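Form predicted alone, single chain, as structure tokens, below.
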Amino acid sequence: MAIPHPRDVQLAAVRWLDERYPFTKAVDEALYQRVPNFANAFYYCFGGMVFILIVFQLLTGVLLALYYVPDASSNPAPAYQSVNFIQNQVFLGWLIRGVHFWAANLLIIMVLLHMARVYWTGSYRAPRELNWIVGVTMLFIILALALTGYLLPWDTKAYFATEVTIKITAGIPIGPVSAFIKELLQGGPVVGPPTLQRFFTLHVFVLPALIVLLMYVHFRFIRAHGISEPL
């Protein structure tokens, strides 16, 4: 018995949408695409794993943000107390925070494996060099997400690790640039409440928006050029 195509079992709401926007056509173009046989190799799955992990990070990040308080103006800091509350009192809070933490580490590994596969198969060559640049930019944004998220628990380890990182940026051999980056990240003479607020803004608003935008551009490039064959 043939399986009916989704177009044959549309709901009334979907038909109503189709009359006003080609909803079904957009879904078909996004989901129904022929994949070449060589893409069945396991190392072609790293890119898909990156996408899944980014979705996990966005979803768990939204849940954590419901309880997190980006405030370090008192002692003990509300930021530290809110993380402790999520970990020990919120229902399944420990699980959501654990998924967010370990998925962040696994995301970096998968991005590096994906880029290694792209390099090994020669997929960075013309006409795909712009997509390679987009991918490298996404790698730096993901590393920045890991850096900014590390400070948010506002414990001793996070504080001193961030202080060391900011001092490293201050060692850039271009005086005005290093001073500007340090001031931009730190928000004051030392790591303090303004630093936490800036890292929170970058981690929750700026960097996720950039990663979603670049991910869309990345997928459009893939649709335009197709999946590259190994050399």
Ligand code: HEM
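All of these numbers come straight from a predicted model, not from anything done at the bench. Residues carry their position along the shown sequence, with the first being 1.
Form predicted together with this ligand: not shown, discussed below.
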property: Three-residue site R128, M138 and I142 fully in contact with this ligand in the predicted complex at 4.5 Å by heavy atom; result: yes
property: Touches this ligand in the predicted complex: R117 (any heavy atom, 4.5 Å); result: yes
property: Close approach of P189 to this ligand in the predicted complex, 4.5 Å, heavy atom; result: no
property: Residue contact check: I222 to this ligand in the predicted complex, 4.5 Å heavy atom; result: yes
property: L207: touches this ligand in the predicted complex, heavy atom cutoff 4.5 angstroms; result: no
property: In the predicted complex, segment of 93 to 101, 145 to 153, 118 to 126, 73 to 81 with a heavy atom within 4.5 Å of this ligand; result: 118 to 126
property: Any residue of 192 to 219 that, in the predicted complex, places a heavy atom within 4.5 Å of this ligand; result: I211, M215, H218, F219
